[in-house]
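Below, in structure tokens: the form predicted on its own, a single chain.
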């Protein structure tokens, strides 16, 4: 899965990187975040309806809120969507055709669960996973809108990151990884018809680097560049 990530690239730089327009005042409030947690407001990249060539960066609530949700509580459990069942699950199947997005991240954290005995005194070892060149990753996602009944029907845009089975390197850490898009695949994912589900595959092993980091990232209130510094020791 993908339960925490890093977002430090300025929105203006993301707009240049992804050939997009910034269409949200949220961008003006941007602060580098080294520990982005579920239910946070994040930036997403979408294709607008009025032009096949117009990409827009705009905010969304991380954690999908289906239109039938009674409140925001459901979002925390819907931060990821499994690629294998997108067209089967009621929460996702109606979004695949027209509500695809990209979530830009500078890297994400994963906690090792493979061949490791954990307990109260032995917390899971976190790893930071990113592009070797440090450039932001484009993660495949889905988005939707929801009317908040507790706020006079305020329209809330929300999203989920799509995950798949991992490549052989990352499989040693966890049994899931986010779907990373590159090059022309980004445009195809945003606007291709029918939905290009063949793009939802594991990234090649050399596409990503990973190393263990401090368990300080386990606490959401910790937030700083020290979180992505390599730990003194690593398991492999």
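Note that the coordinates shown come from a computational prediction; the quantities given were computed from them, not determined experimentally. Numbering follows the first chain given and starts at 1.
There is also a form predicted together with the DNA; it is not shown, and the following applies to it.
- Message: When the contact criterion is heavy atoms within 4.5 Å, does residue 90 count as touching the DNA in the predicted bound form?
- Response: Output for residue 90 is yes: heavy atoms within 4.5 Å of the DNA.
- Would residue 77 count as a contact of the DNA in the predicted bound form, using a 4.5 angstroms cut-off between non-hydrogen atoms? Result yes; residue 77 sits at the interface with the DNA in the predicted bound form.
- Message: Although the partner isn't part of this model, could you tell me whether residue 12 comes within 4.5 Å of the DNA in the predicted bound form, counting any heavy atom of the residue?
- Response: So residue 12 does not count as contacting the DNA.
- Query: Do residue 212 and the DNA share at least one heavy atom pair within 4.5 Å in the predicted bound form?
  - Reply: It does not: once the DNA is placed as it appears in the predicted bound form, residue 212 has no heavy atom within 4.5 Å of it.
- Task: Within 4.5 Å of the DNA in the predicted bound form, counting heavy atoms only, one of 130-138, 77-85, 148-156, 98-106 shows up; tell me which.
- Result: Heavy atoms within 4.5 Å of the DNA in the predicted bound form occur in 77-85.
- Message: Using a 4.5 Å cut-off on any heavy atom, which residues of 159-181 would contact the DNA in the predicted bound form?
- Response: The stretch 159-181, when checked against the DNA in the predicted bound form, contributes 163, 174, 175, 176 at the 4.5 Å heavy-atom cut-off.
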